[in-house]
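Two forms of a single protein chain come next, each set out by itself as structure tokens; they are called structure 1 and structure 2.
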Structure 1
């Protein structure tokens, strides 16, 4: 039987570019009702591979190889034939659903237009169908949802709308490009449950692009691991986790944090991801591989087939036992530091906001109290809307509490700072590192200039020589060397930019740092580097961290203690190991159960949203 989708030796190259080769000999198949996951670091070619199925390729790109849907060549289709495939046969959902739906049109307009275009239904027929598909993806009150606008529903609900649009068109193949990355862990579980149940009931085939290898293993039939524009390993999902065949696959698995136990130190992958151009005629992973030999740098490995998959590695056969051991990282839980010196003290903090013209009030932070000692990391977890970010803004003095108090090193923080002197004093107490390092850095400043500016503001009167020495020390402490120090943010990787943001925070010599989803936008390999770096810096400087994250595995790795927030309240607190191993509150239990891990399955029943 012909595969639903077949990509054969696909090579995509730009005619004139410093990174001309984008995909280099990609081959894969997807059968009806099957889920194939593509995993790998940013730039590995995952998204370009799935976009090629719809013919969405860079202008002027040189293309070799084939993409076949039900045996028909995508590249050989006329414009009208390709439009028909896009409307009726193959659908795609993206990471950010808000970027795909017109914000000034209602949910009903969006769905009805799609159904009329793809299936030729009348407006009334399409409206009835749209309501039925919203019900099928688990949205409550579907008739009312049709009249709502995108800004009136949550991201998880909007992603369900995108899925309803995709399956309502009659598509047999769904391309899902990081569809859950921006969602809370519980909403991610719900979305994966929706996809799994619809796939089983409709026979839908799915190509799932993700950086979360645990999620891929739990929800896929097969996994293709991509690196530098090539598939380096293709395996059954249940086989990959415990017995990877390629050193890169083993490195990805060993570098991710786990919600079930804390790794003594994550096995971060050294160096930076390569491009297909970097490795013509050699193994692309060789410069970062712990097992590379001379032949890896002299020639490119061919495909070696095995039971249930294939691999591109010269040494795969002899390394399999060693790679199986490499993914089993030693574990050790954190214990509370013994400093006893309180750095952050929050007492009975409350913050409300007025909503709309009617004057309604929403409680964002409700009677929150906690302390954090010197050298300690406090994890703050909860879903969107739980009050985590408002709490951070109150600590930073960006928002003023209705009642309660914030003390940093015994000194109160109330209203916003009244002078430049007070701003500098507050900065010397508490700094923040945000989720997106690119938007938090001046695009015109090099790392050297960015750190020097912080030193100039916070240490007036110090000599240029002193500042230069401090810049060197700070950039070295976060692993930025050589040309990286004089590069612009656009020339740095995401992990390197986050290192600059951390160096800037340290330049003020703060007693505490708030890390607001500081690693959620990073590849798992780069995330491991940053988490290891944060742990090392804390051991050396005894700086205090308040780590805000929706990722319980990250919290398990970095936090001594954790507080769980819901609706502005702390519903559970304690040692991280105790809370995650034996959660007492039903809300915490749901968060822990929703976190992907080996053996995890998404919920089979569609929860109402």
Structure 2
């Protein structure tokens, strides 16, 4: 019997000169009812691989190899045949439901259009079915949802709507391209629960694209790890975590923080992710690989098969034991630093925003109090809408609180500082690193110029020589060397930009730094580099961190203490290890349970949303 889906030696190349090779010989099969995960960092080609199944390819791309659905070639089909496959056989759900559903049409329109094209139903029949499918994906009051518009419901609900349309088509294969990446972790768990349950009851085959290796292990039968347009390792899901065969898989596992335990030090992968293009004729991972030998750079490794999988690595045989050890990262909780003086003290802070003209009010921050000591890292955890970002803006003086106070080094933070002296004063107290490394730097300033400007402004009396020395010291401390120092931000990678942002924050020699989702936009391997850097800097300079994140695992890695926020309130606080190991509040428990980790399973009950 032929496999449901078979991709054979798929190569996709753009006609242009830069980054021309996108996929470099991808082969995989998916059987009926099976779930396969494609795991990799951004640019690995995982998304393009699943899109090729529906013939959704970049324009003018050169294609070699085959994609066979039930033995029929997708590339050999007429437009009408391909449309039939898209309508009835293969369905796809996308990463960002808000962008992927037409915003100006109602939910009902969206579902009815799908049902009518896939199954040829009449308008009336489709409307009745649509309601049923909304119920099947666990949406409450489905009849009313049909008349709502996408902007009126949450992202999680919208993703359920997209799933409803996908399974409603009667497809046998579901392609899920990072379907939960844009969602909060508790919503992610619910969506994955819905997906696995439907998959089992309908006998669907699923190809699941994700960057989260724990999520992949928990939800799939097999995992293909992709790097630079190639599959470097293909394994049974249960085998991969403890015994990876490829150094890259091992590095992925060793570099990601966990909510269940804190790594003594993350095994960050050095360097930057490669592309298929600049690694022709060699192992793409070789430049970053701890185990690389000369032959890794001379030719591309072929497949080495083993029991229940295969790997592309010259040294896979000899490395197995070593890699198994490498992923067994020792764990150790942070010890609370010697109690220093209080740097940040927040008392009964409250901030409300008016909503629209009707005079409705949302409470963004509600009676929040906490202190942070010098040399400490306080984790501030919450999902979207928890008020953590508003809290950061209040601390930075960008927003003014309705009531309550913020004291930094014993001085009350007042209204947004306007004068230069005031700004300089507060700059030496509190700094910030934002989430998006692409917009948080002036696109016209080199790292050297940026750091120098802050020194000029904040230490006006100092000589040029002193500043040059300081710039040198600061950039070195964040690991920026050579040409990177005089490159424009557009020429730097995300991780390098974030290092510049950290150097700039340090340049004002602040008492404390707010890290507002500072590693959330980065791939795991780069995230690990930055997290390790931050830990090192704190050890050296005793600077205080307020680390804001939605990611409990990241918080576990960096924070001594944590506060958990929900709807503007602090619902739980304490030592990070205590809060995450034995959460007391219901909400904290739900958050901890929703975070994927080894042995984790998505909740099986169909959550109502």
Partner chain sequence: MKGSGRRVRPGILGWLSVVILVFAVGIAIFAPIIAPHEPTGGSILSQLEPPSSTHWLGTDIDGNDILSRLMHGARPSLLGPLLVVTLALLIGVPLALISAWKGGVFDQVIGRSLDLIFAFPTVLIAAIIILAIGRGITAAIIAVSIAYIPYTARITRAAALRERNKPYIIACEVQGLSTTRIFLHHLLPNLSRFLTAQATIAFGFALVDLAALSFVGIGILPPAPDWGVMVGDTTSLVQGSYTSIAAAAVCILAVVAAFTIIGNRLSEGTERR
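Residue numbers count along the first chain shown, from 1. C-alpha atoms forming the largest set that superposes within 1.5 Å between two forms make up the rigid core. Worth saying up front: this structure is predicted, and the values here are computed from it rather than measured.
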**Q.** Index of the chain form predicted on its own, chosen from the pair
**A.** 1
Q: Note yes or no: does the Cα of residue 491 move by 2 Å or more between structures 1 and 2 after the core is superposed?
A: yes
Q. Taking the rigid core as the frame, does residue 254 move its C-alpha by 2 Å or more between structures 1 and 2?
A. no
Q: Superpose the two forms on their rigid core, then report whether the C-alpha of residue 431 is displaced by 2 angstroms or more between structures 1 and 2.
A: yes
Q. What is the magnitude, in angstrom, of the C-alpha shift at residue 513 between structures 1 and 2 when the rigid core serves as the superposition reference?
A. 2.8
